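Take a look at this one chain, the form predicted on its own, written out in structure tokens.
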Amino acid sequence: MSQELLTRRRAFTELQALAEQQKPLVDLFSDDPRRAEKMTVAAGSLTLDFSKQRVTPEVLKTLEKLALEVDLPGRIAALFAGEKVNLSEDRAALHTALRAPSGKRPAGLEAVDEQLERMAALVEKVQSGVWRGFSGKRITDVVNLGVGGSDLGPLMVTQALREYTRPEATHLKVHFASTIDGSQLFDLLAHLNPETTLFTISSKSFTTIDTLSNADTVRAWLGGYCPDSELLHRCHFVGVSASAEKMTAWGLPEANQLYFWDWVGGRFSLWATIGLPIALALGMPVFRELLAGAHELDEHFRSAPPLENLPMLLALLGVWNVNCLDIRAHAILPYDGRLKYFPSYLEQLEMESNGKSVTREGVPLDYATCPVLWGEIGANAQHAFYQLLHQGTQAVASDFIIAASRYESMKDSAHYESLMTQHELNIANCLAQSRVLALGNAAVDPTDNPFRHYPGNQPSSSLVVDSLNARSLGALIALYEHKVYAQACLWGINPFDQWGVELGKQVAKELLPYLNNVGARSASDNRAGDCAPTMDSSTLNLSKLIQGGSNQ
């Protein structure tokens, strides 16, 4: 069935007309004292207050009409049923099956349980000290070598849930290295003991040059201490990939291989064996709780009607902001240091998924899709880019994320009262910033003091988590995953491919021979370079410039 463009839909035309009639937020709140109560929706441990979005009840009804016109409920059912929703790659997107109980998965996915059990067994060996390095010493450090979805998800979760580390995992230190320039890796190798360090190589294709170049560097480093290649691979490397053949070709024995499948997109893969660093760092029970929390949100997404459905609401509000109000920037502002890497995680999840300019059938779009996402821990961001949000020249939508409860496990601590004072101050800042962004300070006449005038009317949503733990974090991540899918359905695009990242990698490979060659050229050689004849003059000139500098 051909996908109708968003701008051709009847409900969207109605939304455009409503956008021209909108009132500022300060008036919307004045008109209805119960506005916040009416525009608050909960699902499990998550509560969404979207009253500071520039919507009216009529706008919401029309957004609901749009959701039904696009058949969002049917599209959601197709996702969970394992239909081929990834059209350009002709496959399903079954990441939700990874966190579902065995009896609730589509038929034929028994291997999910098998790999979870393999992962659990490997984690137990490492944490218990059964797994030993080449000299017989137990493993004390694990380094995850991955990039993109093989890095951002596990890194974000281990940072967020560190306080819930199980006793069996406390002696392990888990590190992450992703950059292709080796800077993270070299910093780590300077302090790690080769006898007690295990490296996980996480790559869906097991061809990712960033990850494999780091893995080759590590193998050379370890080889300086253990000349027995077979022993080195058996004791110090674990592979996580969809390609068993390539892991074997690299030298990994079958017992050191964990698998996942081509229907698991990289940015949706932390629920699979890519989550190995999470289980190693925090314990397998914590990982299973993460899965359970995500599954609970999955069930909500499948069953709740559009205006009571948190992911659908976020998706619809996003389309309203981007396509009706022309707001092309979106800030993610968690007021919780544990969510330090959550904005980075969402940057990849949303922009790699929905940064598309053609429909699922390849038809060019005549409207905007994914906004530019960025963010930071809110309390830090207040002293960085909030100036632009409050008094800049462009509209920005924001998500404020806050945990209602904190430090429950420290009630007997002598520092509990001071910790709670800080928590209350943090909450006060979160609520104050969202209020000022929305309502400004109308009492100040901009003609009297333009420097202290806050215009307000910047839309935001406030997402309150009862308490940040493995289950609620799983739900929070799944919430944004499903928001991305729902928005993709509304925009008529495919969120599960990422062809846009491929060409740069290809050109980089084509440039390598020239970079290797140019250092040997004479300084007076001004030829364009016969080993890269299709390159533009700027790229070739920069290559020569950089190589010339490196040879001085």
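All values derive from a computational prediction rather than experimental measurement. All residue numbers refer to positions in the sequence shown, first residue = 1.
Keep in mind that the form predicted together with a small molecule is not shown, yet the notes after this line are about it.
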Discussion item. Exactly one residue in G378, G149, P343, G283 has a non-hydrogen atom within 4.5 Å of the small molecule in the predicted complex; which is it?
Written reply: G149
Discussion item. Counting any non-hydrogen atom inside 4.5 Å, which residue from S51, S45, Q487, Q498 sits next to the small molecule in the predicted complex?
Written reply: Q498
Discussion item. Does any part of S203 reach within 4.5 Å of the small molecule in the predicted complex? Heavy atoms only, please.
Written reply: yes
Discussion item. Residue-level question: is E352 within 4.5 Å of the small molecule in the predicted complex, judged on heavy atoms?
Written reply: yes
Discussion item. G266 versus the small molecule, in the predicted complex: is there a non-hydrogen atom within 4.5 Å?
Written reply: yes
Worksheet item: Is Q348 one of the residues lying within 4.5 Å of the small molecule in the predicted complex, judged by heavy atom distances?
Response: yes
Worksheet entry | Contact stretch among 54-62, 500-508, 479-487, 30-38 - heavy atom within 4.5 Å of the small molecule in the predicted complex | 500-508
